[in-house]
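Next up: just one chain, as structure tokens, the form predicted alone.
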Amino acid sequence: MSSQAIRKLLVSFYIVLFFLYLFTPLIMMGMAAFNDVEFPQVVPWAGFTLRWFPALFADALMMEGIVNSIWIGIGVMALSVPIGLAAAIVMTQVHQRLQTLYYTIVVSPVLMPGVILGISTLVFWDRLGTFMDADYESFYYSGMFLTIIGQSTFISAYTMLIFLARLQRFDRTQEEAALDLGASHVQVFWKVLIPFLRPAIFSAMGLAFLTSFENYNTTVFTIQAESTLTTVLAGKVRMGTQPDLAALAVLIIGVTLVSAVAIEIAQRREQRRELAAKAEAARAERTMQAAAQPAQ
């Protein structure tokens, strides 16, 4: 056997081992959600059942955590996507010498530990509430509000990276042409830039929501007396794993896969529309050139 064949065999073995390591826990968890035993396990198999899914929805604390996580995810999405878009646009407008410094400052929350972000958010708004002489029922001390603010500090940096990747393919001559034709800067933003950034906006929204939904390090400090899905799960795991947690894992995996497929389909459709528009523009240009040649 040649050295090249041995190399290919080793690479194939490594790839198979990697995917087994990656997906085996998910497969085992999924099978445990349908096993009719009181402890989440695959063997011995006691029979197929769906009773752990109704048990999951009957858990009031779990349902409260899920609902809070959804609302927090929507709030983070509504806050971090505009911030990330604004940061990306500013990144393309600042002087080239300042881009490195600006990029470092904006991305720094991503490098900051979530524990530090959670504690600093809690301390800052507590001091601000004390300074404003706010009562403890105000938003300064609201766990939902603090969690949205704390998570948005670093999730907005993720969304900015998505917008930057999209803006690198943007043709600035479109803005200049629109301005030359009499459009205002607001019209250029809404009618030229936003349609071009639509796939990135949906991708950033999905990333922001999913990142918020699974966040724990920052949330555990900012949520205070309220609860989210991750804090409820952490408390339940300390008391012992239950099969309804495996059912929850199956539902989350299913929702994540469906969302990822939907986003990918939307992106590919947008790419096909762009290619079709470019092809149509090229055909129109060739037609105009062909029509101009006899006249010459």
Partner chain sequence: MTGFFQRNGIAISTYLILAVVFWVVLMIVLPQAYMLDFSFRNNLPPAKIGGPEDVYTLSNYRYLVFGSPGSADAFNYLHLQVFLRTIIASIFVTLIDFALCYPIAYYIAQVAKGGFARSMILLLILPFWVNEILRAFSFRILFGTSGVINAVLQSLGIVDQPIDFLRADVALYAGLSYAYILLMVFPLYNAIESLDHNQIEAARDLGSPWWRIHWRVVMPHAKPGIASGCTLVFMLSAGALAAPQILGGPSSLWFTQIIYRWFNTGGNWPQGAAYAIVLLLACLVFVLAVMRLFKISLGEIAR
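What you are looking at is a predicted structure, and each value in this text was computed from that prediction instead of being measured. Numbering follows the first chain given and starts at 1.
Another form, the form predicted together with its partner chain, is not on view; read the next lines as being about it.
Check your understanding: At the 4.5 Å heavy atom threshold, is residue 9 in contact with its partner chain in the predicted complex?
Key -> Residue 9: no contact with its partner chain in the predicted complex.
Review point. Does its partner chain get within 4.5 angstroms of any non-hydrogen atom of residue 124 in the predicted complex?
Key: Yes, residue 124 lies within 4.5 Å of its partner chain in the predicted complex.
Exercise for review: Classify residue 256 as contacting or not contacting its partner chain in the predicted complex by the rule of any non-hydrogen atom within 4.5 angstroms, answering yes or no.
Suggested key: It does: once its partner chain is placed as it appears in the predicted complex, residue 256 has a heavy atom within 4.5 Å of it.
Review point. Heavy atoms within 4.5 Å of its partner chain in the predicted complex: does residue 43 have any?
Key: Because a heavy atom of residue 43 falls inside 4.5 Å of its partner chain in the predicted complex, the answer is yes.
Point to revise | its partner chain in the predicted complex: contacted by all of 86, 89 and 238, heavy atom 4.5 Å | key: Result yes, every residue of the spot touches its partner chain.
Point to revise | Option touching its partner chain, based on a heavy atom within 4.5 Å in the predicted complex, out of 50, 260, 55, 61 | key: By the 4.5 Å heavy-atom cutoff, the listed residue in contact is 260.
Practice item. Could you run down 75-110 and flag each residue that has a heavy atom within 4.5 Å of its partner chain in the predicted complex? Key: If the 4.5 Å heavy-atom criterion is applied to its partner chain in the predicted complex, 75-110 yields 79, 82, 83, 85, 86, 87, 89, 90, 93, 102, 103, 104, 105, 106, 107, 108, 109, 110.
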